[in-house]
Structure formats: C-alpha cells, structure tokens
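What follows is one chain in structure tokens, specifically the form predicted alone.
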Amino acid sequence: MADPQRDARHTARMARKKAVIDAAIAAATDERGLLIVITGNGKGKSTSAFGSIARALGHGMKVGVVQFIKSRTDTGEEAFLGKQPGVEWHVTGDGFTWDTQDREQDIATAQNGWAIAARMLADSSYQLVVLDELTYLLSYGYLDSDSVLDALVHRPADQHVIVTGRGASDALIELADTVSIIADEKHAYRAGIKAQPGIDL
C-alpha cells in the first residue's frame, strides 16, 4: 500500500544524495592513467583485472598482460582475451614457489618477466597494462622494489596499470590511486572442490 509521507521522505533523501554525488562528479576533473592494486587473500583479484581488460577492449584500447608466477597457458582468460586484437599476453612464470623449489630459477624467471613488463610500462601505445601476481615478486625479493616502483611512477601519463596478488607492500599501496583488498570468507577449495574451468581456470 502506498504511503505518501514515506514516499515524500524517500524522494527528498534521494534528491539530497543526488546533489552530493553530482557535486563530487563535477569536482573530479583530472584525467590521467591510474595505478590500481587488487590485493588480499580472497578469490577474484586476477578475475577483476581480466574484467577490466574486457572493458578496455570495448573502448578500443591496446592492452599488455604479464602473468608472473603462474605457468598455465590453458586458462580461459588467455584462451579468449589473449587472442583478441589489441592484446599482448605473456605467461612468464614457472609455477608457484612450492612447485619450482628453486629460488635462483624463480629469480631469473621473475627478471625475464619483468623485462617484458618494463618494456610495456615505457611504451605509451599500451593504454592498460596488467601485472598479474606481481606482488609476490616484490615480497619474495625476486625483483628490486625501488626499480619496480620507479618504473610505475615514470610510466606514460595516460597509461593505466593494474597490479594483482596477495600481500601488496605498503610502498605499492601508498603509490596506488585505487586499492581493493579482497577478503577470504569462504572458498570451495577448502571443501575439497577442485579448480573449475570457467570459474578458476
């Protein structure tokens, strides 16, 4: 049943909210490339970044992707997004550290992957660069943190970068424009369910 007084209060509240939001939108006038960090222990960090790739492609942007740590080349994201015009996709890892069990190899692999990433970060033709699982290379000391941060700071002004992975460093978080921390409340893996194509792979 309609309640005219309640409806009137709702209309007034939404009008006030709209005025605040409109003012904030009007005040946001800067245009520049963003550094986005997606971290935390929950599922969905890479998935979020890959969603942004689809959005960028919808705007005709050129995208570069470097996947660190991960070694799989049979994932759904690479099978689809990696074949799209305007996407350059590199899987540069040897697998997680508990798979390789070889620190020197992991460091060499990380540095090879970083060389690709550094090239993209210096090239203004890449409008979005996704550095998937980069945080691990910094926390493990596989890459020099100062050099990585310097490359992020001095990238082309309009270039967007998304960094994913657990345990993002304080320095990386401080440098970022946007930080999302994905929490781990529950995961099917802990119930004995293996990684599912289309969801995890």
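Just so we're clear, the structure is a prediction, and the values are computed from it rather than from any experiment. A residue's number is simply how far along the shown sequence it sits, counting from 1.
What comes next is about the form predicted together with ligand ATP, which is not displayed.
This chain is drawn without ligand ATP; in the model of the complex, the residue among 44, 51, 141, 167 with a heavy atom within 4.5 Å of it is 44. In plain terms, the part of the chain that comes close to ligand ATP in the model of the complex, with a heavy atom within 4.5 Å, is 130 to 138 out of 130 to 138, 172 to 180, 24 to 32, 151 to 159. Heavy atoms of residue 62 never reach within 4.5 Å of ligand ATP in the model of the complex, leaving it off the interface. Taking the partner from elsewhere, residue 199 is found to have a heavy atom lying within 4.5 Å of ligand ATP in the model of the complex. Among heavy atoms of residue 187, some come within 4.5 Å of ligand ATP in the model of the complex.
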